[in-house]
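Read the single chain below, which is given as structure tokens and is the form predicted alone.
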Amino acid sequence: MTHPLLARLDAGETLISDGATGTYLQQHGLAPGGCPEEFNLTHPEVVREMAAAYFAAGSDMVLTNSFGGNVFRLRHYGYGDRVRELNRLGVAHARSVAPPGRFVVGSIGPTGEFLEPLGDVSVAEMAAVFAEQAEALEEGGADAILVETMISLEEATLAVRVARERTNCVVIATMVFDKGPRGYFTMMGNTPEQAARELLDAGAHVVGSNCGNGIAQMVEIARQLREATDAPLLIHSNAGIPRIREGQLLYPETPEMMAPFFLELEQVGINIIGGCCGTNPDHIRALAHTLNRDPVAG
């Protein structure tokens, strides 16, 4: 049976995703350099309020507060032995405020480590790390898993394969591309076309890009991805490139500035549209309005 999320994409619907997690948590008490996933334990009301705010703004799907919820990253904060607990809690908080028909998507970010021979981590070790997190997200009740903000295609495809093998969740995967003299590439030298092809070959149901760029650049990346594949695509754009003013990190792209580009993404054929760093519920409300969607009823 086709998962309801995929069924809606197959029917031609454009789904609205959420905005930034880290930005929201930093505005609600997360200290610079703090552990976002710790908030699942210590500030559950903030995590639930964040999910509720995005759902109310019009999100069809909300990501869990689990981006850095792998053992490598959690060890830095003294939570290496609580991976499953923190990931399950992240799902539970979002699920507790999800209206009927909306989806909770488990976020899996980069491990922060490099595979051999560039780094010290074997394929088997990293696969076990991804398996632990993916299984915990499914145990918590996630509808889908988003392998996101990846710069290494090798790491991303490994995470996708593990998520497909070890869970029954829909699997989405996104990479970060930067523009250079020869066009858009990941930090490791992969083009959007190559990334899309290899992520789909690894088993991803949906592929795309997030972070790293303002929305005008994300439209350019979206066009390249759409030219490369007919598969469902996701774009999560930053609210521009951040600037530091009086010690504060400020993102320049307002909801009003991003709105026409949201429409352009839909016209390009992007199936899931949302925000990344610097975006907030107001950006998602503008996205819902731009796509002629009721931000309350969805």
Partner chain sequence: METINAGLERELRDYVARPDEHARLRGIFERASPLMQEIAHHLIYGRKAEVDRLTRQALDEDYSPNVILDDGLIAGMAVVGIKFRDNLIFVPEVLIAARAMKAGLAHVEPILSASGIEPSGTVIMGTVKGDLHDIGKNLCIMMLRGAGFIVHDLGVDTKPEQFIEAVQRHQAPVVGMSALLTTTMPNMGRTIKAFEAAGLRSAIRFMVGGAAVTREFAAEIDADGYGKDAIACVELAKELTARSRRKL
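Given the structure is predicted, the values throughout are model-derived calculations rather than measurements. Residue numbers count along the first chain shown, from 1.
Same protein, other form: the form predicted together with its partner chain, not shown, and the subject of what follows.
Contact annotation: its partner chain lies within 4.5 Å of heavy atoms from the stretch 236-244 in the predicted bound form, the single such stretch among 37-45, 258-266, 58-66, 236-244. Candidate site formed by 26, 76 and 183: every one of these residues places a non-hydrogen atom within 4.5 angstroms of its partner chain in the predicted bound form. For the residues 216, 188, 92, 127, the 4.5 Å heavy atom test against its partner chain in the predicted bound form is passed only by 188.
At a distance threshold of 4.5 angstroms between non-hydrogen atoms, residue 101 is out of contact with its partner chain in the predicted bound form. Taking the partner from the other structure, its partner chain in the predicted bound form has a heavy atom within 4.5 Å of a heavy atom of residue 277. Shown here without its partner chain, the chain has 32, 33 in 29-44 lying with a heavy atom within 4.5 Å of that partner in the predicted bound form.
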